[in-house]
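Presented as structure tokens, the chain that follows is alone, the form predicted on its own.
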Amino acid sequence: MHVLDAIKTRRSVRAFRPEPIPDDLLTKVLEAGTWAPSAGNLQPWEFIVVKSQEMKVKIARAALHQMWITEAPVVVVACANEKRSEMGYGERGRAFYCICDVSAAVQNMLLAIHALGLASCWIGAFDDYELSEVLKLPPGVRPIAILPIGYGREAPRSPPRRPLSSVIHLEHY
């Protein structure tokens, strides 16, 4: 699949078939995340891979009770290692760059998921403290996104987009 086609046809899917995800496809998805750009090439991402139903239920509860997450055969939680970014860029690295870097990794993974015939949804609605406790995250590692991954049971339509002319500003706002 051409990258521009993947960008335009990827959708947020919230219903999954029960078939397991082959490990080789999951590895490709995770590897795509590691090829994202990062400030100073510090690569502050950490990926928690969850397959057990018990853990998926705990994650769904921490995600404000979005129980549909538990339908996915695999859930990946992308986390930011604030200390890695702080090493290179101090407070700005800890508070900002690590979030940007992990977000780029998440987008790479979402595009890879789609290109491989799988489906997912970027979930950012969760209780940070509760999710960190569930995943036993050490201090300085914070959750950024939850990605349930599976074969989609739905095919959402394209959402409307703002016209390009309304988002481009030449020279100044």
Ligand SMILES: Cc1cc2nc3c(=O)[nH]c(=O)nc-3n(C[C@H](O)[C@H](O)[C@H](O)COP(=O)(O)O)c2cc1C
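Since the model is a prediction, treat every value here as computed from it, not as a measurement. Residue indices: 1-based, along the sequence shown.
The discussion below concerns the form predicted in complex with the named molecule, not included here.
J.: Want to guess which of 33 to 41, 118 to 126, 133 to 141, 46 to 54 is within 4.5 Å of the named molecule in the model of the complex, heavy atoms only?
T.: Stretch 118 to 126 is the one.
J.: In the model of the complex, does Q66 come within 4.5 Å of the named molecule, counting heavy atoms only?
T.: Yes, contact at 4.5 Å.
J.: Within 4.5 Å, heavy atoms only: does R162 come near the named molecule in the model of the complex?
T.: Residue-level check for R162: no, no contact with the named molecule.
J.: I'd like to know whether R10 contacts the named molecule in the model of the complex, with contact meaning heavy atoms within 4.5 angstroms.
T.: Judged by the heavy-atom cut-off of 4.5 Å, R10 is in contact with the named molecule in the model of the complex.
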